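Presented as structure tokens, the chain that follows is alone, the form predicted on its own.
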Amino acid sequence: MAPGIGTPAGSSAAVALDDVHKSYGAVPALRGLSLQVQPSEIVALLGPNGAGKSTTIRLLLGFERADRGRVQSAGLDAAVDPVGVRQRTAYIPELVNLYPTLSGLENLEYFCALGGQQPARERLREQLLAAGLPAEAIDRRAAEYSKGMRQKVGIAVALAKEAAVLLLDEPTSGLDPSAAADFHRTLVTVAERGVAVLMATHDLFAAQQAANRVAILSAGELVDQREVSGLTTRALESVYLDVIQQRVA
């Protein structure tokens, strides 16, 4: 058994899933998933299509309920208080949707207002800069933004709302290598502020560059998890392929 598989979620974890089961009709999506993410930790959730990565994200956001097991995020039970969970959690999808006629700053103001916050504009500028958005882009219309710039506004939303948990779904898909590396550095900076980061991805390079730990899902089960430190991208790829091939053999 790989390190950590089947370990119950601990009370200190910012993200805690314990023996979680979820099916859609007769099709199981998650089968006994137990996983933790600690504050200041980045965990990359790896697995082929249909492995259960997106289902895990939806459960943690309280958009769906587990059939069995416990799902906690930011110290709250996602089934009991989904609104509270979403208030303390930031989510960045594969494509961050911004209002194209508003600037990056105006978009951030709007999203903060939706959450009942009205931070000073100077503080929001600081959050956009901390997220890596170039100073000259802050007042430009979002219609002119690249995907990488949109992702950085998403990071700024997480910083502005002081989220305890950041969930990401394929955040570097479609980014060029330079933009992806820049985004990885930003994620590390966010985690250093105490945020727990769970990133669902197919990108093994992103996992090796940004994550502290990888968790590999196959057919709804956690089949391996290990620290990334000391693993090259090629070594991680070998681990991933070996684990997945053993599951389908």
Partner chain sequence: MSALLLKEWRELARDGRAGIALALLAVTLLFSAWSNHRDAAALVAAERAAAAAEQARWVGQGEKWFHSAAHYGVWAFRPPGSLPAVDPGIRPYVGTAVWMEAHWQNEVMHRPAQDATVIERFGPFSPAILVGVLAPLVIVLLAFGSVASERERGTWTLVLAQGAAPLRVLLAKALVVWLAVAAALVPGLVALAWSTQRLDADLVRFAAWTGLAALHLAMVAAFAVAVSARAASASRALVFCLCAWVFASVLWPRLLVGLASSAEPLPTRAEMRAAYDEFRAAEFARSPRALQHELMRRHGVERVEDLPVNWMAIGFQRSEERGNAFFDRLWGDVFERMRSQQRRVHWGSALSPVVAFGTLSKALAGNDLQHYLAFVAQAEAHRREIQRVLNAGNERRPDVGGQRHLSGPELWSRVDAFRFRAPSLGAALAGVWPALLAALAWSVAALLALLAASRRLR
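Between two forms, the rigid core is defined as the largest C-alpha subset superposing within 1.5 Å. Quick caveat: nothing in here was measured; it's all calculated off a predicted structure. Numbering follows the first chain given and starts at 1.
The same protein also has a form predicted in complex with the partner chain, omitted here; what follows describes it.
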If you check in the predicted bound form, do A219, S238 and Y240 all have a non-hydrogen atom within 4.5 Å of the partner chain?
no
Of these, 68-76, 174-182, 122-130, 103-111, which stretch puts a heavy atom within 4.5 angstroms of the partner chain in the predicted bound form?
103-111
Please check if V157 has a heavy atom lying within 4.5 Å of any heavy atom of the partner chain in the predicted bound form.
yes
Answer yes if any heavy atom of V80 is within 4.5 Å of a heavy atom of the partner chain in the predicted bound form; otherwise answer no.
yes
Any of the heavy atoms of Y145 lying within 4.5 Å of the partner chain in the predicted bound form?
no
Is F205 close enough to touch the partner chain in the predicted bound form, meaning at least one heavy atom pair within 4.5 Å?
no
What are the residues of 116-145, in order along the chain, with a heavy atom within 4.5 Å of the partner chain in the predicted bound form?
Q118, R121, R141
Please state whether I155 has a C-alpha shift of 2 Å or more between the shown form and the other one, with the rigid core used for the fit.
yes
Could you check whether the CA atom of L102 moves 2 Å or more between the shown form and the other one, using the rigid core for the fit?
yes
